[in-house]
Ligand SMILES: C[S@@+](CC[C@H](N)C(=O)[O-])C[C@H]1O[C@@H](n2cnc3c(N)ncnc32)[C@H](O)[C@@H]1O
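One chain comes next, on its own, written out as structure tokens in the form predicted alone.
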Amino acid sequence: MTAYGLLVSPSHNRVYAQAAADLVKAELSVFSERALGGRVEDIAETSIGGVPYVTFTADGLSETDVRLLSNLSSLYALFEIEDGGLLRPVPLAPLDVFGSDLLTIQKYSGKTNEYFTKLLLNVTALASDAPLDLIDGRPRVLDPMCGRGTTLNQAMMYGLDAAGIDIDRKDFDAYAAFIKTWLKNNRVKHQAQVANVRREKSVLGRRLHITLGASKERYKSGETMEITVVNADSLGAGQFFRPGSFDLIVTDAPYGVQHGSRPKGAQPGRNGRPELSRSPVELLSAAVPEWAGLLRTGGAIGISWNTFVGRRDELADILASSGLGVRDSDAYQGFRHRVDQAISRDLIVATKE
């Protein structure tokens, strides 16, 4: 058995940094269970030279294993720990095809931490029936409550096709402005268009569609990615995307603090539009059946939420009632962490059976 030390990224914000090591340990457990044959053992937090590391043992990591582990959400560096405590760097091979500013440049109230978004995408992808597609395939990703596109940007970093839906016009406009400006400033070859989505002479929403290439050569050869965002109610997602057209559904549910979504059948508020629900349980009970229809058999859905406004067993029941099997092994039980005084965040993952 070979001992390894994982150095956690130092660029976390203060609150997330306090939970980062525990989250990496939980994420590493999922990687081991779902894609590494349970060969990662003895996961712990260890001080080496006065610096905290996440350490583990494994029976000879292959090139594919290292490619997979290179995408751990908070990984900064990986070392083999030799006899005498010497550290030998392990060359990493992350999937990233763009610079990190794609994820970090946007700053706004309510933004999901980009490290956690990456973690949620990772553990969801590994829960599917083809976990190694994360590095060897092209799983298609949907975020049905995409906000200003953190999940879409992470999928784009991985070179994946992604789609999103959001009901907030300001968020849609802000993401469209950001991503078009970012692509232009970074000289990424692309085409982008915003157009109304019409059916039977009615406007159902607006759609941003982007085709881009990770390089000029790939773009010219037709090796492109597609990013699609619809400004509409997520409860009508089936009007915009084909059944079974996504491998992964990844989303951050309303926290019940400054986030809100419209539940199915809500009564009009004072402005004549349905009032916002602060309950992820009410929203998800209406939305998950719609989302499940867009997921292929064997695909996976991952949802993060505020445990102060929704219990895990409630979300598990909602997922199960839509034909989704919840991953409830010990590896998936270690992700709960504090975000602030009003938010304790956890995640739940399920697969379409």
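Here the structure is a predicted model, which means the values were calculated and not measured. Numbers for residues come from their place in the sequence shown, where the first is 1.
Omitted here: the form predicted in complex with the named molecule. The next part is about that form.
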* Can all three of L72, K118 and R338 be found with a heavy atom no more than 4.5 Å from the named molecule in the model of the complex? -> no
* G110 near the named molecule in the model of the complex, any heavy atom under 4.5 Å? -> yes
* Asked: Any of the heavy atoms of D247 lying within 4.5 Å of the named molecule in the model of the complex?
  -> no
* Look up in the model of the complex whether C146 has a non-hydrogen atom within 4.5 angstroms of the named molecule, and give yes or no. => yes
* Distance check, D168 to the named molecule in the model of the complex, heavy atom within 4.5 Å -> yes
* Let me know the one among D96, E80, D233, E282 whose heavy atoms come within 4.5 Å of the named molecule in the model of the complex, would you? => D233
* Asked: Of the options L208, A253, M157, L126, which one has a non-hydrogen atom that comes within 4.5 Å of the named molecule in the model of the complex?
  -> A253
* Answer range among 168-176, 185-193, 72-80, 200-208 for contact with the named molecule, defined in the model of the complex as heavy atoms within 4.5 Å -> 168-176
